[in-house]
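A single chain, nothing else alongside it, follows as structure tokens in the form predicted on its own.
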């Protein structure tokens, strides 16, 4: 077909796909045009075809057909990623995992859960909670983000400090390769050293090596206590001292830091996100989740009191109910405030040595301010595990200036012990910066793996490298 002709005009392709997945498994026309490959702006799939398999067997059959035909595909989960991993060109079809949304089993004795890739994280949370268990991966987009998508990006979120990223909570995996081969490694054992570990080969590879169809994830006993505090801190040195001491708390689950620019934006947004008055250079949201309510609360409060005595805290508020816990976490999950007051926005999810993070943020702010007098910038993130987010708006030309803004962000980053992306992935957005942040030998191995498993680049062709 002509390169300018959308795939949706190819009736032979559509008929073949319909034969595999049925009428319910195929979306065309307006059903495709009204979808977006980006969570914040309308970016419809340009190919015009969405295939929705209902089983691993159907995914395998679709990929076997695409492999024979040389048809490139892009896999969609919840489409919450901000790195452009779901963007779909005119010659690509979408394979959406939305119909593969079943939780198959909760094994309370072995503390694991078996589910299909299209299950939203929040649904997984609720199912685990009903069994008095917890799946620790917690994201602001949990209502839409799917299990398969978070595995593909090795998503992190709010409680990495305590329980690690998705990869650390993954026991087994099932994947369909580019030629339709099904790789089933649905391990449930904590210790299994038999050959290559399939879950680590595919987790975090952004759908470039295979399509995740099912997984076994680790659960932990549901915590019996939860304490949350928002504290105002007078300096970055005080932030570091707080973090060093907080790590001694056995039940510490989150240590989220907000620079003054972020806190002021939230506090002045008239959305109920103002637990403390403005004016401090840093604010910290701390959380403790444990199994002895009385002891956990005593340790948490003793830590705060000791921090006050040392002059590390100038003001604080603690949660007294579950409702207050949820209200405090809303402070850290203010995506709609960005959309209302800073849109369009350039975002990042970098990792920097925590000792140098504020220095890096200061350099970036100075460079951006010199280049863009109308700069709006906010900084916040999971400082307990070294991951921060910077949001940048430079005025009505923000979209046009995105590449220049990113160069300031990522070129400055090279001067530090750092990572280009901490949890969102490379996608298409950061692909051009990857060679400057990853050693050549590592890139070579990544290319060899991709060449071995998908030599024709049928899977997420434009993602990563």
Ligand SMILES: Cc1cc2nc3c(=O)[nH]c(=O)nc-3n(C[C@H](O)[C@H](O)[C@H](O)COP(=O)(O)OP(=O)(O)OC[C@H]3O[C@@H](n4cnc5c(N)ncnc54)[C@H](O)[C@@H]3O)c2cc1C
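Keep in mind the model is a prediction, meaning the values are calculated, not measured. Residue numbers count along the first chain shown, from 1.
In what follows, reference is made to the form predicted together with this ligand, a form of this protein that is not presented.
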With a 4.5 Å heavy atom cut-off, would you call residue 199 a contact of this ligand in the model of the complex?
-> no
Answer for residue 140 alone: is it within 4.5 Å of this ligand in the model of the complex, judged on heavy atom distances?
-> yes
Is residue 337 close to this ligand in the model of the complex, meaning a heavy atom pair under 4.5 Å apart or at it?
-> no
Distance check, residue 215 to this ligand in the model of the complex, heavy atom within 4.5 Å | no
Interface check vs this ligand in the model of the complex: of 384, 275, 136, 210, the one with a heavy atom inside 4.5 Å is 210
In the model of the complex, the one of 86, 266, 231, 219 near this ligand [non-hydrogen atom within 4.5 angstroms] = 86
Candidate stretches 128-136, 143-151, 284-292, 365-373 - the one whose heavy atoms come within 4.5 Å of this ligand in the model of the complex = 143-151
Does the trio 97, 157 and 460 actually contact this ligand in the model of the complex, every residue with a heavy atom within 4.5 Å?
-> yes
Can you tell me which bits of 72-90 touch this ligand in the model of the complex, meaning any heavy atom within 4.5 Å?
-> 74, 75, 76, 77, 78, 79, 80, 81, 82, 85, 86
